[in-house]
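What follows is one chain in structure tokens, specifically the form predicted alone.
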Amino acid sequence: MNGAAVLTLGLDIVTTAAILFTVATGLLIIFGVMKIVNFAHGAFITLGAYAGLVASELGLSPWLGLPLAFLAGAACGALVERCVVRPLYGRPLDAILATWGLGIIIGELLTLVFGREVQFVGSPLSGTVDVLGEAYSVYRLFLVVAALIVGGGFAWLLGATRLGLATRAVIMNEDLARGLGINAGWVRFITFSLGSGLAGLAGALITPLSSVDPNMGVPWLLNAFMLVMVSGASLGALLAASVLLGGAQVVISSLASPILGGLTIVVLAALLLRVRPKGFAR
């Protein structure tokens, strides 16, 4: 490979890691606090993508589609937590099955409203920018900034707010947190809504790079699930997993086959968990 190809490959690794990190953060938040895997995460990603599509079709600014996608995901997540997930606290397997079925239902409802055809959303940033003499997509570079904002905002929320303090208390010892007067149910509600909102935001962010259809969230759910499993509840571990496993995906897709690349994260995560059950988490 020449220098230009190596530079492009490196930029692809960085931007792909940023995309994976953004997609998986909402799932990580819910898993860290509630100790359940939200298998409706892919449906919330799809919901956010369609929110961006609706904003585009209404002639609104593409940037406005991002907060709309977050609000759509958060509102749906709030409803799901109240009506579906809350009665299943303490029954993680039942919660997984319920959210899996819910994801299917949301996908079918989106199909009824929007149809099965593939649709496209324009990018809010078009064109390329010069990076060390090579032209590279300005929107993919923007996604790195978006990932930093999401990760930084999450770290600030956990470390510098009362909600973050309560959340960390619930993560560490829920019974003790309740004894200290923390409303664990309210923390769970906020957490699930926030995680769902981030999934919706991720859906809107990735649509300019792909297409929108009722099943678009499924492959993203699978990759996000494996990344969270090797990360535990650690945001830093999630970042490391996104860089290493996402980088491996890019390399294999570029040098071997995109089909093999699509399996890379799942296979490597499974092997890592076999050798190191805690994955990248300390």
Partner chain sequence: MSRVFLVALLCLAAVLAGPLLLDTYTINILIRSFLFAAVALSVDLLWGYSGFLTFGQSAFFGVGAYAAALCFSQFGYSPWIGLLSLVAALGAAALLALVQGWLSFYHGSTPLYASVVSLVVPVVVTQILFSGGIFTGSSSGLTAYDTPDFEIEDWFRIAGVFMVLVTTVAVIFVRSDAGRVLVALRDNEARCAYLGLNTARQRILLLVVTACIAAIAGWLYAGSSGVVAPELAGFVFGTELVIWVALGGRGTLLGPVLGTILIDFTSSYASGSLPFLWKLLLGIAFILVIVALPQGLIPAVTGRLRRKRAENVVPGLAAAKPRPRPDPDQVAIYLDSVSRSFGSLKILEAISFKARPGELVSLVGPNGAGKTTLMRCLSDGAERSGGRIAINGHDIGTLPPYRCVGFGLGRKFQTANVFDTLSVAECLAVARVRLHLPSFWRRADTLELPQAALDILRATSLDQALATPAMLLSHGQKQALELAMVVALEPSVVLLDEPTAGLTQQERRQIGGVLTDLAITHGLCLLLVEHDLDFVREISSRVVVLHQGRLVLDGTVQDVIASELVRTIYAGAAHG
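What you see is a predicted model, and the numbers here were worked out from it, not measured in a lab. Numbering follows the first chain given and starts at 1.
What follows is about the form predicted in complex with the partner chain, which we do not show.
Asks: Looking in the predicted complex, any heavy atom of R162 within 4.5 Å of the partner chain?
Replies: Taking the distances in the predicted complex, the answer for R162 is no, it never comes within 4.5 Å of the partner chain.
Asks: Using a 4.5 angstroms cut-off on non-hydrogen atoms, would L180 count as touching the partner chain in the predicted complex?
Replies: Because no heavy atom of L180 falls inside 4.5 Å of the partner chain in the predicted complex, the answer is no.
Asks: Would W100 sit within 4.5 Å of the partner chain in the predicted complex, counting heavy atoms only?
Replies: It does: once the partner chain is placed as it appears in the predicted complex, W100 has a heavy atom within 4.5 Å of it.
Asks: Would you classify V118 as touching the partner chain in the predicted complex, given a 4.5 Å non-hydrogen atom cut-off?
Replies: Contact with the partner chain, no.
Asks: With the partner absent here, would F31, L88 and I96 each sit within 4.5 Å of the partner chain in the predicted complex, counting heavy atoms only?
Replies: Yes.
Asks: Taking the partner as it appears in the predicted complex, which of 22-30, 220-228, 234-242, 55-63 has residues with heavy atoms within 4.5 Å of the partner chain?
Replies: Of the options, only 220-228 has residues within 4.5 Å of the partner.
Asks: Just to confirm, with a 4.5 Å cut-off on non-hydrogen atoms, which of S123, T128, T111, S210 contacts the partner chain in the predicted complex?
Replies: Only one option qualifies, and that one is T111.
Asks: Scan 149-166 and note down the residues that get a heavy atom within 4.5 Å of the partner chain in the predicted complex; none is a fine answer too.
Replies: Read in sequence order, no residue approaches the partner chain (within 4.5 Å, in the predicted complex).
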